[in-house]
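Presented as structure tokens, the chain that follows is alone, the form predicted alone.
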Amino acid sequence: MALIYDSLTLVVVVTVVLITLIVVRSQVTAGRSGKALAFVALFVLPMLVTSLGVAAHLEHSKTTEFCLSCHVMEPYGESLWVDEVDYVAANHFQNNRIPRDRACFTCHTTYTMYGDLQAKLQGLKHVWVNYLGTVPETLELYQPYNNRECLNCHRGGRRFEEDELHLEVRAELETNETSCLECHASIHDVAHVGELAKWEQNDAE
């Protein structure tokens, strides 16, 4: 993502310099090369800046920092530090089973062909509701959590594959007939997160 931001900064600077040159010394556009320069400065570079800007913001929207920047999401962020091994989100986050800087996006992006795009569109809806709409008292998923998102990482893993219970219900897990959340039910538990002990990372360092 740093490369995108660096490229964006460079293109913005070049664009501003060229546009300033054209405004201050408009005579440079009299010739053919000057017109070409003006076309690049006024059309090509702004389009490039827009494209890079969109790419940069889309990348930023995948970060945990971005997801938790809304007030309504603060308890979900707090739940990542719950000091209880049975809490799925906390267990995965604290043990680096998912990238900490993309924790929300990792588990809440549907692993399908258009999952990334779908997540972005839903994210735009969330931003709209947060700033211009009415945030519901209780947040709910659009649809039941699909085992596919769990199996995307756990399928093939030794601990998962050798667990007797997983072997017994493997077919049901693959078809969502049995939900992973039937056994792993403690996810965020935001209603009680304030009462739960938290892991202090500094204590472990």
Partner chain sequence: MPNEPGLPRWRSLTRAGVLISAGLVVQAVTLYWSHPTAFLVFIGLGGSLVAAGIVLYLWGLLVGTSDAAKP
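Quantities reported herein were computed from a predicted structural model and do not represent experimental measurements. Positions refer to the first chain, counted from 1. Rigid core: the largest C-alpha set superposing within 1.5 Å between the two forms.
A second form of this protein, the form predicted together with the partner chain, is not displayed here; the remarks below concern that form.
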| query | finding |
| --- | --- |
| Candidate stretches 173-181, 150-158, 55-63, 135-143 - the one whose heavy atoms come within 4.5 Å of the partner chain in the predicted bound form | 55-63 |
| Ser186 within 4.5 Å of the partner chain in the predicted bound form, heavy atoms | no |
| Contact flag, Val127 vs the partner chain in the predicted bound form, heavy atom cut 4.5 Å | yes |
| In the predicted bound form, Glu200 touching the partner chain (heavy atom, 4.5 Å) | no |
| Interface membership of Ser33, the partner chain in the predicted bound form, 4.5 Å heavy atom rule | no |
| Residues in 18-51 with any heavy atom within 4.5 Å of the partner chain in the predicted bound form | Ile19, Ile22, Val23, Val24, Ser26, Gln27, Thr29, Ala30, Lys35, Ala38, Phe39, Leu42, Phe43, Pro46, Met47, Val49, Thr50 |
| After fitting the core, Leu132 CA displacement of 2 Å or more between the shown form and the other one | yes |
